[in-house]
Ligand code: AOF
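Heads up, the chain below is alone and in the form predicted alone; it's given as structure tokens.
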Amino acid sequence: MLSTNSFINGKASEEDRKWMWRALSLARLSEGCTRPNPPVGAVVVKNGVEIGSGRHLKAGGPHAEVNAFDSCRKSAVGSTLYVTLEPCSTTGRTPPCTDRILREGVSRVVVGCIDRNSRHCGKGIELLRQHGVEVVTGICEADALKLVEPFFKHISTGMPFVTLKLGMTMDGRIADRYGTSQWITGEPARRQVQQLRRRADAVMVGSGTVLADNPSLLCRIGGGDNLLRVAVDSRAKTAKQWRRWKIFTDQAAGRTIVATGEDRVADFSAAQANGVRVWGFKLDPDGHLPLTDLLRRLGAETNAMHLLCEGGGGLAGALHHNGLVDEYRLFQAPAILNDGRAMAAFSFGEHRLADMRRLKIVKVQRVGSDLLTVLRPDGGPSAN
């Protein structure tokens, strides 16, 4: 893992942290909107006053630094630019941001984290320094890195960062024996899930969730206009009555992808005519869909950087079993279902206690009357 410490130069202050927090808050508004580019925010400050700000809005559009300079109310000569990610120094769909920074006469640039893209890593910073600009890096670095973690995983592995979200009882049940799951957790937890959808590039569920809940999987709080929906349905259980399911028939049907067995693709021909994309895969000898192949294809064909999985138990268990989960967000209601035949949060294969995978608790937080536990694999984001 590249550390920005080798690039630290100049003097940081509480004022620097204050303005970097402002830039980070702008960048967070762009999560889920910029693929395959990272969400970035920028603020221009002169004599202790913000004179301009901006964020990257969409791929192909101006970068955050350019939008910040374009919004300036006065000359940026002698100002400080705060940007959450190292400015680019190469020409892509837009010109290098370092060129614009130098033209504006900025005297100081404060960076949240270094870009791990090999095309840019450290090069923008060195270029600015060669032209006499003071550069400070590593300000609010942990938060800046977390913001672009899905982007870094995508450029290094070609696969999306996977967040697994589950709402469950204290005894680990996500639905009763009849498939009823609405609602186990309370409204505050459900609002957090909508925030997760707004930030993600794609949301994924198994066929059982489609059959039981008929979810739209859309973001209900604004944003999420580019959100993809992925249904894992290896045996085409949703194909026969496809008109019943919202993800196949609503106004966003063109953003739905079905992953199924290669011999079941034709079963979805009617849904395909309605704009649904159907991807066929060779199933393993046990009839399971190869999730690693699905994630690779999702990264390659849609540039999805952040995938939110909302279950059910079989899909959650398979992702966990294959080491494909980068972050677990488990919402537990203060309730015990006490039914051995109810649906378990993780139900894939058989495992001995000695083979149990242990995770690292990152955060425990009360959300309304529920409890949120955030966990991660000990080794960080999956390299699969």
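Because the structure is predicted, anything quoted here is derived from the model rather than measured. Residue positions are given as counts along the sequence shown, with the first one as 1.
Another form exists, predicted in complex with this ligand; not displayed. Remarks below refer to it.
Screening K146, K240, K282, R119 for any heavy atom within 4.5 Å of this ligand in the model of the complex leaves a single hit, R119. Put simply, of D115, E310, D233, D201 only one has a heavy atom within 4.5 Å of this ligand in the model of the complex, and it is D115. Looking at 352-360, 328-336, 58-66, 313-321, the stretch with residues near this ligand in the model of the complex, meaning non-hydrogen atoms within 4.5 angstroms, turns out to be 58-66.
In the model of the complex, N303 stays away from this ligand, with no heavy atom inside 4.5 Å.
Interface membership of L85, defined by any non-hydrogen atom within 4.5 Å of this ligand in the model of the complex, is confirmed. Remark: G32 does not count among the residues lining this ligand in the model of the complex, judged by a heavy atom distance of 4.5 Å or less. In the model of the complex, none of the heavy atoms of V43 sits within 4.5 Å of a heavy atom of this ligand. Contacts with this ligand in the model of the complex, taken as any heavy atom within 4.5 Å, map within 26-47 to N37, P38, V40.
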